[in-house]
Ligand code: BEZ
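Read the single chain below, which is given as structure tokens and is the form predicted alone.
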Amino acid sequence: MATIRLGDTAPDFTAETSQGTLNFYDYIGDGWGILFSHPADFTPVCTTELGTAAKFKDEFDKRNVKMMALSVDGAASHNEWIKDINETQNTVVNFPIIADEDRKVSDLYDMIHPNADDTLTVRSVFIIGPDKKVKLILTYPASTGRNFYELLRVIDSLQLTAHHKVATPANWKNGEKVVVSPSIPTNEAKKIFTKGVEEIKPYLRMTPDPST
């Protein structure tokens, strides 16, 4: 079983889903993708997560990010579970859920951690860039629901820093000041970032969000 690390090429796959047979690369196209796994259908925390993901779809769409979920149960089970999710979370699931009964995708993405459970996927999140490289990996225990505001925040940071020579500080939110890349001398930074560069320390320089 391969271990996926940041910067690796995300494995491609074709799988049965709640929306028919889909190829992952074709599905995300030239945009961003987010793949998140669930231990099994009809689990309480995951029911709230998938409902929340559906409610956040417009926000992911704005960022050109396509969502795909995974559970080790079959497509027929997924479709029954989706009915429960729609009812209890007051939403409509609007993205595919992979039916991974043979654990093919789970193994590709190292989603089964034996110390947690020998057969069920852990609750992982992979954010994949247009270059098909893995940009972020998060793994949650079964007892803790994912924070979709944080996933949006991370995507905003990844997309900003992919196009500008900056990094984002702790608790950063879209539109706030960012950190100038340490590789850029201050005199050069002042030419690049015309809104101003605040030098707090030689290695810590802040500038307004260059994308706004």
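Remember, it's a predicted structure, so these values are computed and weren't measured experimentally. One-based numbering along the sequence shown.
What comes next is about the form predicted in complex with this ligand, which is not displayed.
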Query raised in the report: Just one stretch in 173-181, 40-48, 61-69, 23-31 has heavy atoms within 4.5 Å of this ligand in the predicted complex, so which one is it?
Result: 40-48
**Report entry** Listed residue that, although this ligand is not shown, lies within 4.5 Å of it in the predicted complex (heavy atoms), from 127, 108, 142, 93
**Finding:** 142
Query raised in the report: With the partner left out of view, is residue 123 within 4.5 angstroms of this ligand in the predicted complex by any non-hydrogen atom?
Result: yes
